[in-house]
Every structure is written in structure tokens, then in C-alpha cells.
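Just so you know, structure 1 and structure 2 below are the same protein chain in two forms, each on its own as C-alpha cells.
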Structure 1
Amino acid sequence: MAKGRVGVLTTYHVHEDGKRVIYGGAERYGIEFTRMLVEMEYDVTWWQIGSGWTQEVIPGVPLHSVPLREAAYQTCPSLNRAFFEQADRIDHAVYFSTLLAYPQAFERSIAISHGVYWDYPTWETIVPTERHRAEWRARWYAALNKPQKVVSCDTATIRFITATWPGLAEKLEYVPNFVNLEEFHPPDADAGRASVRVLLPRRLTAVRGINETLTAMERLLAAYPQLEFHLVGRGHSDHQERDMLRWAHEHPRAYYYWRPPHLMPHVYRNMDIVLIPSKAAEGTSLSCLEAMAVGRAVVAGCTGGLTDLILDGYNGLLLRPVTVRTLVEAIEALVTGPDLRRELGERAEATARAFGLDQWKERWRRVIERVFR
């Protein structure tokens, strides 16, 4: 017999049309989270935005969809209401994003924050006036207060919340993201290549530092004949991906391609340096943890949850700010310093062992057992 029924509300686990699967970090988080709840013997049901179709998150766990109708100030009151009404037979609720807990939340519920996403300059185009920003903050404050606990994947979000609304500290829990150590581990033996391979395993977006990276790599590829650059990530459009193919074609030893998540361990194992040069909107990045678990030297932006994973000079290099100059300097140090590369990679791998899937589940179990008891 199940311990209880858990309803999970998200915006999109699959595309709104119910046909296209999304391969992002949040979706992978959702799948592992569901597996954990099932292992803990809960009955789990998901809800998201859609036209009324039903699918499965994992076998046996339904994903229902409800129409969005209204969305304002990053909140979805109608979706929240529909979940509250349709899921009235559940015992516990999980709001997969904190703002989904607005305006009302189940008594025994948890909200999850995947990191600060409002720290990039164009954020204010979404909430363009102080009146808009005040309303967004008011709704978010209400959403943070409704659930019993708010689980944050990084301390940057916790620090933001406590410095914005002193007094909310007791509501917060820190559960950093995870890496599957069975899949992501160093190769048995590193290939004795003469080349040094640099990987950018991110989506092709400005906030992930794609533009600075391309300029930095143009300079470095010209200066270091042993260097290879691999860009592995999807763009937002076919047009953008075509542009990237063209760029790679024009630059010797630059490659652009995409691999599904299950092939990424192999990609990481064939690289030497991994770039996570995010400028904003970053939590405890799964890509960063995966690169670390494979024992690669990581160059990361000093933003969001990345500072919970990397100590500059110990297990990676942190860039503040992310610019062409800082990227070139960091990559250059690693290309010309095989010992530094090896040492950072070894310590990164040791660090990643503390962020394994099992530890993540154990941290979550403690929270769930306190809230859902």
C-alpha cells in the first residue's frame, strides 16, 4: 500500500502540444525526483500546461495537462487553481517551481527553486516598470510563504531570498543538484592524444556565454595548433544551428554537433577542458557536475549555483566577469598547463562524489519525511 498520494505541478515537462520531449536539466530533475518518490512508495501524479491530454513521466506515473488560461508576473493563477481543484485527492503537493505555489498551496507541500533566473540585464523587459516588479515580488513572496518548505538547489537563491525578505530562513532547505556517478565517471585510461580538446556543452544562448566563447576560441584556435573546440548543444532555432555549423566550418578544428543525454558521458570523457561560462540564470548546473564527475578541468562563470560547486584554483577556475579576456586567460592556462588541468580535474572528480544521485535522494528524503509525515 502506498504511503500517500503526491501531486506535482510544473509548467512544462513535455512541450505544451504533448508531442515533443524536452531534454533540459529540469526535465531530468523531474524524472529522477519521480523515481525517488516511487522508491519511497508514494503514488505520484504530475500536472502541467496543455490541452487536456494525458501521458506518463515514467511508466506508471501519469502526467495530466490543463489549459494555462492566464499567466501574469511569472505566475499562473489559473493553473494553480486547476491543480488545487483537480488534485484534491492528493495528500501532498510539490510545486516544481516556486511561483507555481501562487496564489494558494496545499497544506503539506514543498516548492522547488532551480536557481535565480532574474539576474540578467534583459529581465526587466519582462517586468518593465517598478510597479510590475513590485507585483512580481509580492506574488513571489506570497508563493514562498505558502508551502511548508522551499527547497533550493543552490545557496545563491537562499541568500537572495533571505537578503530580500529577512525572516524566511527557516522555510528554506538547501539540496544541491546531482550527478549520476554510475554514468558519469572518468575513462579507464586517458587517451594519449597530442591535441587538447575544449568542450562547451550548453545551449546556444547569450546567457550561457556563447558569444564570448566563440570570440575567445577564434583567438585560441589561431594561437594553439594543438587545440580542438567542440560545441555540443542545441540552438533555439534551425537558423541559429545553421549559423553555428557555418562558423565551425570556417574555423579549423572547431566542431558543432548535438548528442542526446545518454551519449554525453562519452562526449565528456573524450574532452580535456569543459566550459560552463554562464553569465546569469544558473543553478548548481547538471552539466558542470557531469564534467566534474568525469574528471575534467572546468572553467565556469562566477554566478548562481556554480559557486557552490567550484572553488577557484582548487577544483576548477571561476570567471568574474565572463569576458573574452578572462576566458582566453583561463583556457590558455589550462592548455599550456597539463599539470594544472590534471590536478583541477582530479579534485573536481573527488568533489562530484559528494553530489551523487544517492546523496541527493538522501537529502531529499529527509525533507520529504519531515513535511509529508
Structure 2
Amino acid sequence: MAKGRVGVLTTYHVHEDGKRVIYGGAERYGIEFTRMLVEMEYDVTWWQIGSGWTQEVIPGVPLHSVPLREAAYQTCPSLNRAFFEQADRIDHAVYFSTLLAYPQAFERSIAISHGVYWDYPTWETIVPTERHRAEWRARWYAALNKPQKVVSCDTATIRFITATWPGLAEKLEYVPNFVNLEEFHPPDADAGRASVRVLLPRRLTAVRGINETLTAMERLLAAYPQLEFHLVGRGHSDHQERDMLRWAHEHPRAYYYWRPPHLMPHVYRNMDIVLIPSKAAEGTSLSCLEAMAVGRAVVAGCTGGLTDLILDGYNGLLLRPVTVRTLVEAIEALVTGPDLRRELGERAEATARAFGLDQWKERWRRVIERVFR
């Protein structure tokens, strides 16, 4: 007999048309989170924005779509209310993005923060005046205050919330993201090849540093004939991915492709350097943890939860700011310094052991048992 019925509300687990699968960190997090709830003997159902279709998150766990698209101040009040009505038979609720808990939340509920998301310049266009900013703060405070617990994957968000609203400190739980150490581990022996392979395992978005990375790649490919660059990630559209294929075709030793998550361990093990050049809106990146677990030298942006993972110069290199110049300098140091690559990779692999999937599940189980019992 199931312990209870859990409803999970998100914005997009798959594209709203129900056809395009999203392979981002949040979606992979959602799959592991669902598996954990099922292992704990809960019945789970998901809701998201869509056109009325129903799919599955994992076999046996339905994902219903709600034909609503309202989004004001990064909140979705109509989606929130529809969830409150359609999920009326659930016992517990999880708001997969914190602001989805506005304007109302179930009594026994948890909200999840996947990291600070407003730390990029164009945020000012969303809240252009003090009146807009005041409304956003009011909605966010309400979304944080209504659930029984708010679980954050990084300490940057916790520090911001506790400094802004000290009274909310008791609601916050820190559960950093995970890496499956059984799948992501160093190879038995590194290939003795002459080339140096650099991997960007990220979505093709400006906030993930794609523009600076492409320019840095052009300069480095011209300067170092032993370099290869591999861009492995989805775009937001087929058109964007076709553009990236054309760009790679025009640059020898640059390759663009994507792989589903279960094939990524092989990709990491065939690389030497991994780039996580996020400029904003980043939690404890799954891609960063996976690269670390495989023992690769990581170059990361100094933002969000990445600073919970990387100590600059010890187990990776942090860039502040992320620019073409800082990227080129960091990659050059690793290309010309094989000993540095090896040392950073070994320390990264040791660090990643503290973020295993089993530890993540145990931290989450303690939160769930307190809130849902």
C-alpha cells in the first residue's frame, strides 16, 4: 500500500507541445527525484504547462499538461491554481520551482530552488521599476513562506534569502545536487593520445557562455594544432542546432553533437578538459559534478552553486568574469600544463565523492519524512 499521493508541479519537463524532450539538469533531477519517491512507496503524478496531453516522467508516473501560459514576475498564478484544483486528491505537494508555490500552496508541501536565476543583466527588463521589483519580492516571499520547507541545491540562494528575510531561515534545507558515482568514474587508464580534447557539455544558451566559448575556440584552434573541441548539448530549436552543425563544419577539429544522459559517462572519459562557463542562473551543476567524478580538469564560471563545488586552483579553475580572455587563458594553462590537468582532475574526483546519488537520496529522505509524515 502506498504511503501517500504526491503531486509535483513544474513549468516544463518536456516542451509544451509534448514532442521535444528536454535533457537539461533540472529534467534529469526530476527523473531521479521521481524514482526516489517511488522507491519510498509514494504514488507520484506530475503537472506542467502544455496543450492538454498526458505523458510519463518514468514508466507508471503520469505527466499531465495544463493549457495555461501566464507568466508574470516569474510566477504562474493560473498554473498554480489549476494544480490546486486538479490535484485535489493528493496528500503532499512538491513545487519543482520555488515561485510555483505562489499564490497558494498545499498544507504539506515542499518547494525546490535550483539556484539563483535573476543574476543576469537582462533581468532588469523583467522588473524595470521599483514597483515591479517590489511586486516580485512580495511574490517570492509568499512562495517561500507558504510551503513547509524550501530545499535549495546551493548555498548562494540560502545566503541571499537569509540575508533578505532572516525569519525564513528555519524553512531552508540545503540538499546539493548529485552524481551517480557508479556510472561516472575515471577510466581504468587514460588513452595515450597526442591530442587534447576540450568538452562543453551544456545547452547552447548565452547564459551558459556559448558565445564567449565559440570565440575562444576559434582563437585556440588556430594557435594549438593538438586541440579538439567537442560541443555536446541541445539547442532550444532545430534551427539553432543546424546553425551549430554548420559552425562546427567550418572549423576543423571542432565537433557538435548531443548524447542522451546514459551515454555521457563515455563522452567525459574521452575528454581532458571540461568547460562549465556559466555566467548566471546556475546551481550545483550536474554537468560539473559529472566531469569532476570522471577526474577531468574543470574550468567553470564563478557563479551560483559552482562555488560550492570548485575551489579555484585546487580542484578546478574559476573564471570571474567569464570572457573570451579568461577562457583562453584558463584553457591555455591546462593545454600546456599536463601536470596541472592531472592534479586538478584527481582532486576533483575526490571532491565528487561527497556528492554521490546515495548521499543525495538520504538527505532528501530526511526532509520528506519530516514534511510528509
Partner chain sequence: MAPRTVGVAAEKLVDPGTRQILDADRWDYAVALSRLLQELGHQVIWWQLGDGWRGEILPEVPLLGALPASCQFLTWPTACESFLERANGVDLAIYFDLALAYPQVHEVSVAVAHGVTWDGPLFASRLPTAEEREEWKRRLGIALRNPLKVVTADAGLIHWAQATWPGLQYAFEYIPGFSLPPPALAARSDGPVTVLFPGPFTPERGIGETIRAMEALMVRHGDLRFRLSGRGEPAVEEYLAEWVERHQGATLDRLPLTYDLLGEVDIALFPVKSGPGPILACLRAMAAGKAVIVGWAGGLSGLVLQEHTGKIVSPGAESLAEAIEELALHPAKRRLLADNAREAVAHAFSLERWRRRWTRLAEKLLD
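The first residue in the sequence of structure 1 is number 1, and each one after it adds one. Just so it is clear, the structure is predicted and the values come from calculations on it, not from any experiment. So that the term is clear: the rigid core is the largest set of C-alpha atoms that superpose within 1.5 Å between two forms.
For this session: Eyeball the pair and call it: which is the form predicted together with the partner chain?
Result: The chain shown as structure 1 is the form predicted together with the partner chain.
Check your understanding: Would you say Val324 moves its Cα by 2 Å or more between structures 1 and 2, aligning on the core?
Key -> Comparing forms between structures 1 and 2, the Val324 CA shifts at least 2 Å.
After a rigid core superposition, would you say the CA of Asp91 moves by 2 angstroms or more between structures 1 and 2, or not? After core superposition, the displacement of the Asp91 C-alpha between structures 1 and 2 stays below 2 Å, so no.
> By the 2 angstroms cut-off, has the C-alpha of Tyr256 moved between structures 1 and 2 once the rigid core is superposed?
Replying inline: After core superposition, the displacement of the Tyr256 C-alpha between structures 1 and 2 reaches the 2 Å mark, so yes.
> What is the C-alpha shift for Met244 between structures 1 and 2, rigid core superposed, to one decimal in Å?
Replying inline: For Met244, the C-alpha ends up 4.1 Å from its position in the other form.
- request: Taking the rigid core as fixed, quantify in angstrom how much the C-alpha of Thr205 shifts between structures 1 and 2.
  value: Shift of Thr205 at C-alpha, rigid core superposed: 2.5 Å.
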